[in-house]
Structure formats: structure tokens, C-alpha cells
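What follows is one chain in C-alpha cells, specifically the form predicted on its own.
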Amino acid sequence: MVGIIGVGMTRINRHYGKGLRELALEAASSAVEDAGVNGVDFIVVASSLSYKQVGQLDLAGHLASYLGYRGSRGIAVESGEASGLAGLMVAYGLLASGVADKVLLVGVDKLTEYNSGETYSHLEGLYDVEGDGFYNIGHAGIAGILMRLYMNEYGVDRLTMANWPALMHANAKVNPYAMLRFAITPEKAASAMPLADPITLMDSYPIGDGAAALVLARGDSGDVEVSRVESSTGYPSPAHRDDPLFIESLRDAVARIGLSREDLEKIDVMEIHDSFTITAYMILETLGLSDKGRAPRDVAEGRYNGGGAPVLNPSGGLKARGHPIGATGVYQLAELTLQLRGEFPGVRVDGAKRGLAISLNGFGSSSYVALLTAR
């Protein structure tokens, strides 16, 4: 058994006055204090864009020293946007195998070391650099094509599509760790500045920095157990798939974790990877929680915020809580842990017993899924 015994997070923001190490220290110190431990056997560091933005290699070794854990063992994990849950898979393996008794998992990324234009060029590395990246369509461009395809295929109007970002902003407004703590209407989301028609600025995640950390322990310690973590790889581009709107790698990861559609419907709370509005709808329909072409209407009708299905992204998700790339999966895990403890400081899912984190890189070149259970 693997339990989560400590949680720490920084608010996601443009932290111009804090470096990567300061952010990691803030989150890790909070997690260690919450856990009440003096040391750990391993530090697992999940990060992605920081290797380009900050340029620090051997991040686990350098952070171990900076955090005061010299002599511990360090492993750095990079799996693009899914780095956080990839880090959990490493930490889980170390603990379940008996190699370690306690592991500190830190997710940290800085996206504001360059201006936004340069940062977006760095983000292209998350996608297929010899395909989509070579033709310089951009990640928002891919999302725009997918959203247009979805709207045409299923006859969904633009305003209905905009209910997702409105819900995410409503949730983030009361989350003290969120970056975009203000409400918007579907009308405002649909009419915002275009990024790649029909995608607008309000359909995309913001650029921000952040760090989140967990202390995990072998055995029955802690109120929350990591029941299972799984993953799968998939096509590097949606253009390679028979159905560009279906994420095979996510289907396979969920199958490996052993969850049927009926099991998924019984999950109390999920944190899913909504890097763009269309990504959220693709995830819901890939999971089978919504029928094809129904996800935007289900969201508009309140199905996923207390309407009988799992509550989705009470944090505000990548869209409004923020998406510090390699750290995002660790935020999801920290938020779910607090939900299962009954301690989340924002929108709280009362009585939650099971939580699911879903993290993708790009539009499914890799997918990770983690199931957490209250003890």
C-alpha cells in the first residue's frame, strides 16, 4: 500500500520574483510539515519546460541539495504535460517495491522566464516536432481544428461549447491556489480574443509558474491511498488517428487501471486535463461518461457539477487554476487528496471517497491516470 501523508502547493501565478528553487522549496516545505516527517529516502522531481526556460539539468540533484536533503536519492522525470503523474508512477514503484519507505514528489515549472511568444515556441516541443511542429501550426491551431471538427460533426453551437470555461472560472474563483480567480460567462468566453478560430483566449490555459509537492509513504499511513496509477502512449498527432476526437492512449490507460464506464460513474471527483475546452470534451467522451456529441450539453445542464456524475475540476482545472506544465499532475493529486480529506479550501465535494486524476501530453501522445481512495 502507498499512502499520501503530506501536501503542499503554491498559488499558480507569474512569479517574477521567485525562481524555480524558491517555488519548489515553498511547496516541499509545506508538504513535509503536513506529513510531520524529518527525512525522505528519495526525491522525485517532475518538471518539463523548466529545462528550456531555466536551463538547469540534474534538477533532482540540485533541488535535493537546496531543500536540505543532501544524501537522499534523486530522480528527475520529464514527460511533457504529463510529467506530474509520470513522477507519481516512479514514486509509487519505489514504495510498492520496498526500495523506499518515504518519497517526496515535487512538481515544479517556470513558464515566465521569457516573453509569451518565446514561451509558446518552447511549448511546441510538447507536440510532434517533426509533424505538427514542423508545419508550425501551433498547439492552439490544433485545438481550433479539433473544435471546428467537433462542432461540425455533432451540430454543437459555439455558445454551448463555452460552458466549460465558464464552469472552470466559477470553480477557480474560490480556490486560493488558482491563477485566474474571476468569473466569466459563456458569452464572454465565446467572444474573447481569437487564438485559432473558433478557439479564443478563454478556451486556453494561462501562462504561469507553480510548484506542488506530496510526501508518500509505504504502508497504511495517511488518510488517502494511491490505489493505482497507469499510463499508455498513443499517436503523436490527432491527424494520425482514425477518429481525431477520440484519445486511444487514455482509453488504454483507463483499461489498465481496471475501471469500466460504470466504475467511472461512481468516482466522486475528478481532476482532468482541460488544456483547451475541446480537450475536456474529448476526455469525457473517450471515458464514456458522455455519449459522443453530448459532452458540451451535459456540462451546460450541470451534469458534472453535482448533477449525478463525478464532479469535475473543482479546482478550476488547467483552464483557470492554471497549468505549470510539469507540475500540473502533482497539483491534481494534491487537490484530490485535500478533497478526500474534506479539507480542500475551494469548491468542496462533501463526502468524497474516490478521486481520479487524468493527465495527458498534447492530445494524447501519452496519458496517465491515477486513482486515489480515502481510507
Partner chain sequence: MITRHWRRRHNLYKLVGSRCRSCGRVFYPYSQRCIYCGSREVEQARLEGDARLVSYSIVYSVSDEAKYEAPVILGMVDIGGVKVIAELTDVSPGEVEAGMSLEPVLRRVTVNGESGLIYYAVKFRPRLGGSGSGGD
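Just so it is clear, the structure is predicted and the values come from calculations on it, not from any experiment. Positions refer to the first chain, counted from 1.
The same protein has a further form, the form predicted in complex with its partner chain, not shown here; the description that follows concerns it.
This chain appears without its partner; in the model of the complex, the one residue of Gly219, Gly131, Pro176, Gly302 with a heavy atom within 4.5 Å of its partner chain is Gly131. Listed residues Ser191, Ser260, Ser121, Ser97 were compared with its partner chain in the model of the complex; Ser121 is the one with a heavy atom within 4.5 Å. In the model of the complex, at least one heavy atom of Gly117 sits within 4.5 Å of a heavy atom of its partner chain. Looking at Tyr235, you'd find a heavy atom of it within 4.5 angstroms of its partner chain in the model of the complex.
For the chain shown alone, Gly144 is a contact residue for its partner chain in the model of the complex, at least one non-hydrogen atom being within 4.5 angstroms. Interface membership of Arg241, defined by any non-hydrogen atom within 4.5 Å of its partner chain in the model of the complex, is confirmed. Proximity to its partner chain in the model of the complex, taken as heavy atoms within 4.5 Å, picks out 122-130 from the listed stretches 100-108, 277-285, 208-216, 122-130. For the three marked residues, Leu149, Asn152 and Asp197, a heavy atom of each sits within 4.5 Å of its partner chain in the model of the complex.
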